[in-house]
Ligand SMILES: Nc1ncnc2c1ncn2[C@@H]1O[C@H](COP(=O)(O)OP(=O)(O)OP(=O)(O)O)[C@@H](O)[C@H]1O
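Here you get one chain, nothing else, as structure tokens; it is the form predicted alone.
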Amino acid sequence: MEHLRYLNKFFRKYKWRLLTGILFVAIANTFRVLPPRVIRYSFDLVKENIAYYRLFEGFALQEKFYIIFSQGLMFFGITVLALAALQGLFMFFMRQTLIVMSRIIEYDLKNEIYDKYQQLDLAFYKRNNTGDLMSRITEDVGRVRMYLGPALMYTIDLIVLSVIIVTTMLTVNVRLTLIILLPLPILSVSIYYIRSLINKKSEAIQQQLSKLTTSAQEIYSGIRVIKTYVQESQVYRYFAHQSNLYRTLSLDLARVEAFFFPFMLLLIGFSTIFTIYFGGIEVIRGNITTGNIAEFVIYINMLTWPVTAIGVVVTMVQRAAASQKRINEFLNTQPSIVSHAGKNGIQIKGDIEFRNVSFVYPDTGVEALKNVSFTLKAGQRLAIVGRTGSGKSTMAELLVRLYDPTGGQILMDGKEIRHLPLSTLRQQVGYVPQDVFLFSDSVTNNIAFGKHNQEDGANVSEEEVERAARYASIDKEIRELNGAFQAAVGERGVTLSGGQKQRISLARTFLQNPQLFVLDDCLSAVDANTEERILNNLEAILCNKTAIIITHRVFTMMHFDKILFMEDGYIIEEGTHEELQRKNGAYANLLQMQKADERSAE
């Protein structure tokens, strides 16, 4: 129960639903234990009056006696039906209260996990698989709900019903009650020993299910690569192997449960035999009536489900504990990127300063930046140039606080960006990452995505979307799609080319109209003519805006106030285009190579 303690806050939150549910359980079970008493009275009535009925055989009084006798039995029958109806009514209220409560808590827990997922930093998502994240918020939460609803309801029902029945039986005959309840402690001991076994097996099943979900998610996402390399058979064998492991673990748990439940029923059967045998002895001694035996047999059978439910509850609780342990691992994870509780709505001008910034990726240990320092005034344009792996993209990720530097400081408008609320920072920085991502939605909604995050909640007009697409030089191609701007782009934009996805992502940032643009190699997949049109549009869009353009090429058609040339995490050259050309260093060599490539392409 250690891992399930986390859920106690939900019980406190919905305590009135819980208390009302317990009340309904008590009322339902009260009506449930009354019918055996009525049956006892009816049995005794039959036994006591059958002799009198036969005594009046041949007399007219026998018919009147029969009518009275029948009416008495009819009254008992109607009473049993009425009590059953009342029991059913309050059982309905019981389920509507406790099961509905579990569904509400499930809703709250899923929202809490999802909210936690959004708070966690990028490093967390690089360490954990998407399939595992999905499994914890679906399969694991579903198993926890079984503890919050059915397991809780069965436990309360077991306790209340057992107390009422045992108390009632003790008032009739203490000796007989103790004898027929003798097998139950054996059942309790067996449950104690089997609990840890079920827990271990359940945890192993959930871990394997996560692997299976992750495998399926990766296979579906990478189906094009699988088909291209003709790896369907290999992937099938791998997935079948994972499925077989899950099946083996599940069957192993099923074998334990298959032995456990019949064993419980066997012990209940012994209790019934003890009731008839020792109850008969008590009748002979005159301590109880035959109606009491019938009453006790019904009580024992009533206890069959609650006692059997112990095994079901134990299984549910152990599976829920294993699942909640996995959920708690993520809920207890603290993000390394924490938003400063400052005032929202601060307008960023765009002054940027890197002071001796160093950064080491937490998972790989790769040192991407080493003592990087530079300044950029508001309204200026900066180009960061360098080869692959030189640290260019890392600088962009640090600017929007996807990571925090491991050394040094990054200042924006004279304030360290750690002291700016994350929402304020990211709403005013238009970041186009190198790895473009589109949602499985319409073109319009993908372009307008950044605007939807604004707190004012203002709707984005079609004219704004089309203007942003035009600036990104993608409007004509969008209109050629089936459905134009309302066309669905498919999962991750699968229906579009790489260049089209890049330009839609660029249009998304244009529509956002931030004060600071950070464009990370966002034109690598477009042709030269399209690139020229976009860069010409950028000249107008970036008027009075701060811009950082990261590229492995040199954009000679754009004016940059400053250019940084990166290599192996260091800034090895810094200056304007003309100054770097005069130095005749790495930047000049890259420019000459680019011009040579352009001439050979012609």
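Position 1 is the first residue in the sequence shown; the rest follow in order. Everything quoted here is computed from the prediction, not taken from an experiment.
One more form of this protein should be noted, the form predicted together with the named molecule, which is absent from this view; the next part is about it.
- Heavy atoms within 4.5 Å of the named molecule in the predicted complex belong, among the stretches 269-277, 474-482, 358-366, 140-148, to residues of 358-366.
- Comment: the named molecule is not present in this chain, but in the predicted complex one of 37, 552, 545, 562 has a heavy atom within 4.5 Å of it, namely 552.
- Checked against the named molecule in the predicted complex, the candidates 393, 208, 215, 177 yield a single residue with a heavy atom inside 4.5 Å, and that residue is 393.
- In the predicted complex, residue 434 approaches the named molecule with a heavy atom inside 4.5 Å.
- The named molecule in the predicted complex is not approached by residue 224, whose heavy atoms all lie more than 4.5 angstroms from it.
- For the chain shown alone, residue 419 is not a contact residue for the named molecule in the predicted complex, no non-hydrogen atom being within 4.5 angstroms.
- Heavy atoms of residue 262 never reach within 4.5 Å of the named molecule in the predicted complex, leaving it off the interface.
- Contact check at 4.5 Å (heavy atoms) against the named molecule in the predicted complex: all three of 126, 388 and 403 pass.
- Residues in 71-107 all lack a heavy atom within 4.5 Å of the named molecule in the predicted complex.
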